[in-house]
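Provided below as C-alpha cells are two forms of one protein chain, presented individually as structure 1 and structure 2.
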Structure 1
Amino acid sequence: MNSVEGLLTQIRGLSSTASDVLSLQNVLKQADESLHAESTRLLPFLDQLDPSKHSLGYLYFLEACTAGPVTTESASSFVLIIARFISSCVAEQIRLAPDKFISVCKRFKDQVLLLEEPLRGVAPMLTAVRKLQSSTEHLTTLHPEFLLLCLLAKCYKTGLSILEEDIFEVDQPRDLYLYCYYGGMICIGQKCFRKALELLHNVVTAPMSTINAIAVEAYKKYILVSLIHHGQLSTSLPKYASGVAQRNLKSLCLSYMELANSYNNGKIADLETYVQANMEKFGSDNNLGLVKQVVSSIYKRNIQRLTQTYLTLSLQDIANTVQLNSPKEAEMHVLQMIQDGEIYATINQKDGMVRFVEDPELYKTCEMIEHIDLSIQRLMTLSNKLTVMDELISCDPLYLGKAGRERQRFDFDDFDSVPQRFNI
C-alpha cells in the first residue's frame, strides 16, 4: 500500500514539465510489476489522480486495473472510466507509453462488445485514434479496432471519415491488412465501390511472407466488388503482389473464380444456377449480399452495352436482349440506372421507347476546370513525396550496403571491398 501511496505522490509531483514526465516514466516502469500485483485494489486510487494532468500515471494505473478478466459488472464501470480518460488525457504523455494505451483501448473495445453496445465505443475510439497518431498519415493499431466498432455499430459514415485520409506510415503489417479489410467492408456498405476496390487491392497485393486468412477473405470480396464495379476481373495479380499471394490466393478462392468465369460468359441463367448451387458456401463467408449484387449487376452491364449500339430502343427489345421477364421490369432497371447516373437516357412511356443520349458533360464549366486543377496539384505533391522518399532511401546505410555488394563490376577498381557498414 505504501508503495502505491508513494507512487501517487510522485505522479502528482512529477507531471508538470516534460523532463519531469520523462523521469516519472522511468519510475513508473520500475513500479509496473508491483502495480500489476495489486491490480484488484487499485480502483479507488484512480480518483486521486486527474487524467488531464497526470495522464501517464493514470494510464499505468488504469492498465494495471484492467489487466484482469473482464466481467459484465466491471465492464460497465470501466467503460465509463476509460471513456472519460480517453477524452481528457494529454496526447504527448500517452505517446510515451503507446503499447499501454493500446492495450487499454483494446480492453475498452472488448468491454463495449461484451455489453453489446458498440455504438458507445465509436466516439471514444475515434478520439483515441486521433490522440495516438503522430500524424494523419500514420496508421496505428487502434485504426482497425475503430473500424471494427463502426462496422458492428453500423455507423459507416464515421468510418468513412477516417478512411478519407491517406496512410503512408505503418506500424505493423497486420494493422494494415485489418484496416484495409474493414475499410473495404465499410465502403461496400456505403456503396463506394471504387474506394473499396482500392483498399481490398492493397491488402491483396501487400508484401507478405506467408499467406494469411485476412488476405484470403479480402480476395474473395475483391473478386465480387471487381465484378460489380468493373464488370470483369483481371485474372492475374499484378507483378508487385507477393509471390505467396500469386501462387496461393486463387486456389483458396475457387468457387469465387468460378463465379467470375460464369459472369464473363454473360449467360444470366448459368450465373443464377451457379449461385443457387453454392448458396451456403457464399453464406458462410458472409458474402451473400455481395453475390446478389453481382447478379443484378450483370443486367446493368448488358443494358450499358446497348447504349453503345442503339439510339432508341423499345422496352420490349431491351427486355428480350437482356433476358428480363417483361418490359415493366426493363423499365424499372433503366429507371434505376438513370437515377444512379450509370446511363444517360429518357423513357418515353407513350411509345414504350427509351432514347439513349450522350454524356452531357461538356468539360467546359468552371467546376470542371477547378476539379482538374486540384487533381494536378494533388498529383504534384504526391510526386514530390515520392521523390523525397526515393532520396531518403538512397542515403540509407542499409540500402547502400546491400546495393554496394550486388553492384556491377566493370573495372578493377570496382572490386575494392565495399564497406559492409558505414561508420560515420
Structure 2
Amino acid sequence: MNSVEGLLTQIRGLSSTASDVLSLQNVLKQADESLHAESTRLLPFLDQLDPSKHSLGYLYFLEACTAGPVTTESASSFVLIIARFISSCVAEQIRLAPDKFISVCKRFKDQVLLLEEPLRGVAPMLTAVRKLQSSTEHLTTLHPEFLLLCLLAKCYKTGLSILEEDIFEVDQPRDLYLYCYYGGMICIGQKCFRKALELLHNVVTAPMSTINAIAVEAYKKYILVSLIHHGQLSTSLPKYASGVAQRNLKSLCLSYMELANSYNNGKIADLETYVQANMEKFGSDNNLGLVKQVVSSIYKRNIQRLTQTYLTLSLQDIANTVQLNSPKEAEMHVLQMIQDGEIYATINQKDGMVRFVEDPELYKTCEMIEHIDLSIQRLMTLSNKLTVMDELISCDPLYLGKAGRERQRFDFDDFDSVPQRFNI
C-alpha cells in the first residue's frame, strides 16, 4: 500500500502543467502492472483524487479497479463512478491513454447492460465520444458503443445527432462496420430510409478480405430498405465493392433475394404467401418488422406506377388495381403519399377522383436556394478533402511500394525479352 500512497502523491503533484502530465504518464506506465495486482483494494483510493484535476491518474486507477469481474451489486456503484469521471475528466489528459479510456468506457457500457438500463449510458457515452475525438471528422472506437446504447434505449434522435457528421478518419475498420450498421438501424427506427441506405451501403461496399457477419446482416437490411424506399433492388453491387462481397453476399442472403424477386412481380398475394412461408427465418434475423414494412410499401409502389400511366383515376379504380379493400383505404394511402412527397396529386372529394400532377417545386424559393447553396458548399468541402487525401496517399511509402511492385509487372526494360513478346 505504501507504493500506492506514493503514486497518489506523484499524481497530485504532477497534474498541473502539460509537461508534468507527460512525466506522470511515464510513471503510471511503469506502475500499471502493480496497480492491476492491487486492483481489488484500489477503489477507496479514488476518493483521494479529483477526476477534473487528476484525470490521467484517476483513469489508471479506475481502469485497474474495473479490470476484474463485476457483479450486479457492484455494477451500480461503478456506473455512477465512471459516469462522474467521464463528465468531469480533462480531454487532453485522457487522450494520452486512449486505450485505457476506451476500456473503461466499454466496461461502463457492459455494466449498464448488466443492469438492463441502457438509457443510463447514453449521455455519458456521448460525452466520452466527444472527449476522445480529435475532431468531429474522427470516428472513434466508442462511436459504435454509443450507437448500440441508443438502439437498445430507443433513443434514436440522440443517435442521429452524431450520424449527421461527415467522417474522414477511422481508427479501426471494424469500428466503421459497426458504426454504419448500428447507424443504419437507428435511421430505420426513425424511418430515415435514405440515410439508412447510405450507411448500410457503406458496410456492404467497404473493403474486406473475407466475408464478415456484419456485412451479411447489413446486406439483408439493405435489401429490405431498398424495397421500402426505392421500390426496387439493384441486382448487382457497385464495381468498387470488394470481390469477396460480390461473390458471397447474395448466396448468403438467398431468402431476401427471393423476397425482392417476389416484390418486383407486384403481386401482393404472392408476396404475402412468401413472407408467411419464411416468417420464422425473418423473425430469427430480427427483420420481421422491416419485412412487414416491405409488404405495406408494395401498395405505394403500385400507386406510383399508376402515376406514370394515368392523369386521373377514381379511388375505386385505384383500390381495384392496387388490391386494396375499399376506396376509403385507397384514399388514405394516396393522402399519406402526398403528405410524404412521394406523389403529387389532388383528390376531388365530391366525385372521388384523383388527379396526378407534376412536381410543383419551381426551385426559386428562398428555402430552396439556401438548400442548394448549402449543398454546393458541402460538395466543395468534400472535394477539398479528397484532394488532400489524394496527396497524402500519393506520398505514402506503403502505397508507393505497392505501386512500384505493380509497375514492375508491366516493365519492359528487359530488352532481351522484347523480341519474344512482340514476335520480332
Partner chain sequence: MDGIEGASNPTMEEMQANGTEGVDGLPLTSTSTRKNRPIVSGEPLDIEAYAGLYTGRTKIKRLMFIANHCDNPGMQLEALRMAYDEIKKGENTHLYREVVQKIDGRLGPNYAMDAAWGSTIERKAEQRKEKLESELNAYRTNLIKESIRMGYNDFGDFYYAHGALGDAFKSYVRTRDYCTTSKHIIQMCLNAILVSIEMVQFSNVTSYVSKAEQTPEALDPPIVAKLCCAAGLAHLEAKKYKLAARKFLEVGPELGNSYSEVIAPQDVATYGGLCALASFDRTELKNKVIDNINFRDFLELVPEVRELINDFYSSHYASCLEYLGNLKSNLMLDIHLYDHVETLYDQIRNKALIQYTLPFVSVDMRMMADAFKTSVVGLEKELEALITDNQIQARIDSHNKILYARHADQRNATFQRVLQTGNEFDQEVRAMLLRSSLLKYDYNLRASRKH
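By rigid core we mean the largest C-alpha set that fits within 1.5 Å across both forms. From a predicted model like this one, the values you see are computed outputs, not experimental measurements. All residue numbers here follow the sequence of structure 1, with the first residue given the number 1.
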(request) Determine, for this pair of isolated chain forms, which one is the form predicted alone. (result) 2
(message) Once the core is superposed between structures 1 and 2, does Asp340 show a C-alpha displacement of at least 2 Å?
(response) yes
(request) Determine whether the C-alpha of Gln349 shifts by 2 Å or more between structures 1 and 2 once the rigid core is superposed. (result) yes
